[in-house]
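Below sits a lone chain in structure tokens, taken as the form predicted on its own.
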Amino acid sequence: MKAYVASSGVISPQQTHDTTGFPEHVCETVTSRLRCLEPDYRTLINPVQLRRMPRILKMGLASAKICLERAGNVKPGAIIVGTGLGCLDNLEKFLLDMLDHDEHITSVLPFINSTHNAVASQIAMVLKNYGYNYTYCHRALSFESALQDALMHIRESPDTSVLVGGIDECTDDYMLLHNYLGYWKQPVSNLDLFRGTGAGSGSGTVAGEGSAFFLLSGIPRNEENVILEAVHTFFMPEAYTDPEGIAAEADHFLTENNTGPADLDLVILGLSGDDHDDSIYRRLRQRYFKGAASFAGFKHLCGEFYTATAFALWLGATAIANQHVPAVALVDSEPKTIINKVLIYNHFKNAEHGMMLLTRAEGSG
């Protein structure tokens, strides 16, 4: 069960929307919250539609259109989206409007745009796509669930293309409520997030947001031929801290795909700067992944959010396609000159765990 990554479109806190490779300039900010660098939406979306479109729909539609344009405007057979928070900002507006006006609404738009599946449906309406359309809301496994669904579609119909994405926006209320739970650090440089010294150490991380869409296909559509081999998810209680169980899951996943730790040219870990959460990655790196060539992080570039692994997939696919890992992403390791296999591993509060395996097709490049 695998698929070729034909193209991608990413809007993130880095300048990713206007490049097919890694951006030359990396944005460094002293903050507790990374915000997306957004394109001029007027070049991508009809200005008439744009007027009443909430921010998250703009991000989702724009990144989806960028993705499809780079693939030659292929018409996808299915549209699948993963989101942890959905259109939370519009939901808040709708509920506050009801509260302020004695359970009456002054505008129906916040209600229409408040549902989790608003992004996927908006993309379908603009593209006039009447195929399979689904949205997964599985917290930190939302994007992985969308990928698994896409892979099943491609297994049934290898000649089909599936547009799959992960999207979440960070709202003020989300920041406030999760700050009470100790999720966020005091303002810190995002590039110091997991260096283990100064403001980058201790508990908490930096909030983020983003929208990343990929066109997956059962047949190769370009010379780069990055392959998403498989996706694996599992759940463990938050009290579970022994990495041996996680290593066993990783070993089972890699063995199923005829791979071992020593075969991995790059392991992308969900390091967030939270000492407790990152200790799991570090112990796995020392014990199980010690045979891998290079290690990288991604949350110092995009922040922590439920579908941050969509950014990680873009980073891994870009590394294979360009045969290059930027120095800013590497964690205490040297880059490998040839990148054939990439493993992405992320967990959220040691409860929801996801793994993705990427490979470079033989003879590509």
Partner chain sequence: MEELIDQLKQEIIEVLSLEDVVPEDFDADTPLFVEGLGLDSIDALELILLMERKYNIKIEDPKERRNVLRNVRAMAECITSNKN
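Residue numbers count along the first chain shown, from 1. Nothing here was measured: the structure is a model prediction, and the numbers come from that model.
The form predicted in complex with its partner chain exists for this protein as well; it is not shown, and the discussion that follows is about that form.
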Consider residue 92 of the chain shown here, and say whether it contacts its partner chain in the predicted complex, taking contact as heavy atoms within 4.5 Å.
-> no
Would residue 275 count as touching its partner chain in the predicted complex under a 4.5 Å heavy atom rule?
-> no
Contact between residue 112 and its partner chain in the predicted complex at 4.5 Å, heavy atoms?
-> yes
Exercise: residue 108 in contact with its partner chain in the predicted complex, heavy atom 4.5 Å = yes
Whether 51, 97 and 101 all lie within 4.5 angstroms of its partner chain in the predicted complex by heavy atom | yes
Just one of 326-334, 51-59, 28-36, 309-317 has residues with a heavy atom within 4.5 Å of its partner chain in the predicted complex, so point it out.
-> 51-59
